[in-house]
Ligand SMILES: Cc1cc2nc3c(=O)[nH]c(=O)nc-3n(C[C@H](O)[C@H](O)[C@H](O)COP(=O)(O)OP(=O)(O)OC[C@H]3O[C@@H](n4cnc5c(N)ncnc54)[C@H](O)[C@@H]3O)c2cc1C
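Heads up, the chain below is alone and in the form predicted on its own; it's given as structure tokens.
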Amino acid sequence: MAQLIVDRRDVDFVIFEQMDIANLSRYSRYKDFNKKTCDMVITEARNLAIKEILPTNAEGDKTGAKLENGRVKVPECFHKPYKAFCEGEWIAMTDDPEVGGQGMPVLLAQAAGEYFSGANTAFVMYPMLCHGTGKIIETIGTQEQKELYLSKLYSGQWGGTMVLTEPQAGSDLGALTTTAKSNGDGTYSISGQKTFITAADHDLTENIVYPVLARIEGAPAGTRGISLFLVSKYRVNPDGSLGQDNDVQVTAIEEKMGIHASATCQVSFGSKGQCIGTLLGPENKGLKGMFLMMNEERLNVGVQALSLGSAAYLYAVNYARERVQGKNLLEFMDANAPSVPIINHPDVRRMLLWMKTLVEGMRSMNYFTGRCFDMHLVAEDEEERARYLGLVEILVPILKAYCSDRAFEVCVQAMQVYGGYGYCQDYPVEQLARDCKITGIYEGANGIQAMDLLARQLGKQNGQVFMNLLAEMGKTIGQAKEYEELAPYAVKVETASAKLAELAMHMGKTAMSERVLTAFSAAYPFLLSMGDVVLAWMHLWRAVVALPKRNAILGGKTGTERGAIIAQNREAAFYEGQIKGCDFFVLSVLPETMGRMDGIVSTSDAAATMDEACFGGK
């Protein structure tokens, strides 16, 4: 059953062989996380995911979250795994032990997180938001706020969420109308309506903590006048105990396409004038504080989408091995030829290899970003620390947008492998597709991620951050050229990366010209192209690691002897799969990317200049 969520062998390959996580134990921050410890952590995460969380996925989807008498009830089956999740201290995996964390590398936490989200993404959102809320308080909260809230959030005793969106504002946070009126004693009366608030209430915890964006009376209009406030469902007494109700009311739960067991709520703050909050961080700097949580959640969404795509692919490949239908194409004219598993059919193999290369490439990209964040924390040289942080920041919008859309495509393709059964609820892939779709919408819709990449990330440090990313690609390209078998792929990835660099310059110049709207109409295709090139790099990197290990196992054997070893030796087959994956992605997927980049350079003005009336529909 474990293989139907995450391919453990591939996780180990990326963690230990490609990203060399054991190297992090040289640094004092991660000195306790040697290979044996990391392996144990992944095994424990896998066990919890498979034994406790996965069995709740279908039932949670069917039952959903319910609003009863003003309180949200999650599926009853969630309570046991939530308790186990908290007892295992999985909420604060990467945080300092001094504040209740495990202090593990981000790279390792991503591997654990992939198992958890793959098992039941709706369930994992409850503890995930506990951490996000706690992290804001740990980073910008007062000492009193930390003492009252932090340990309870990181332990899962209290729940957390993030409160940004309003019905009339959507992603335009500057248009929010929620107000905060000073009470003259350091507290504020909060009043407003919020919507699309995940985990705004539930019965897994005794209290919910809300970081709420609001505008202090008299503050500037737009985003410059937004502050962040800490609000508790129940008022918190000075000794940390819970007091009276704080006038926070869930008024409805959204009926959604997927993640049914995740309570997405409409919330009223201060409808009776009794909602009290305290300022969290500096006045009128609320967006900066909230984006601490948003960036964390966007990284989480990348892993979340990856995990759903991974599960869909693995379900599909196992179904293809078991589903017998049709003759082998080479024996099609033989009336006596037996039917074969559909994995033997070329088109099914194409779909599976396409899914495999996307899932494995996205895993490497996510884990590489985690490794960069770890290096940012441990590097002793300030310039090196800044370089790694820059890589994280330029990859975050790509991780969020590219992985969410590509993972959804993987889920849809998995349904195609199942045929009509994939469209039925008897099999898990249709739920995975429904659950995955939201990843491209929440935490900043993917078009917004593309705008962020173009407007903010590409030009950072006069483009040096982008050049640093290209330099990382160049290292792998140079290594691949040393192998005769990989050199042709290296040349193609090199060509693609050079074209990406030219395209980035073109996009930057266009965005600074009178055709700025045209540039931003092409922002998402540009992000998609950049994601493809990063994945091509990741596959080339995988092949560089795998090739010598495969050759060592083959021992120079060729022909039928070579084929027999690959068929019988799982390690040889795995490493061969990495090289075949590189071949497929570079020769079959990357050419589509090159064509898309040509299309972007042509920079059609149609989307930006066409009159609204031309869209029709009236």
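Throughout, we count residues from 1 along the sequence that is shown. Given the structure is predicted, the values throughout are model-derived calculations rather than measurements.
Keep in mind that the form predicted in complex with the ligand is missing from the display, and what follows is about it.
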{"property": "Contact stretch among 320-328, 371-379, 194-202, 385-393 - heavy atom within 4.5 Å of the ligand in the predicted complex", "result": "194-202"}
{"property": "Contact residue in the predicted complex, chosen from T142, T518, T165, S155 - any heavy atom within 4.5 Å of the ligand", "result": "T165"}
{"property": "Residue among Y427, Y524, Y442, Y234 with a heavy atom within 4.5 Å of the ligand in the predicted complex", "result": "Y442"}
{"property": "The ligand contact at I448 in the predicted complex, heavy atom, 4.5 Å", "result": "yes"}
{"property": "Close approach of V248 to the ligand in the predicted complex, 4.5 Å, heavy atom", "result": "no"}
{"property": "L299: touches the ligand in the predicted complex, heavy atom cutoff 4.5 angstroms", "result": "no"}
{"property": "Partner proximity in the predicted complex: T476 to the ligand, non-hydrogen atom cutoff 4.5 Å", "result": "no"}
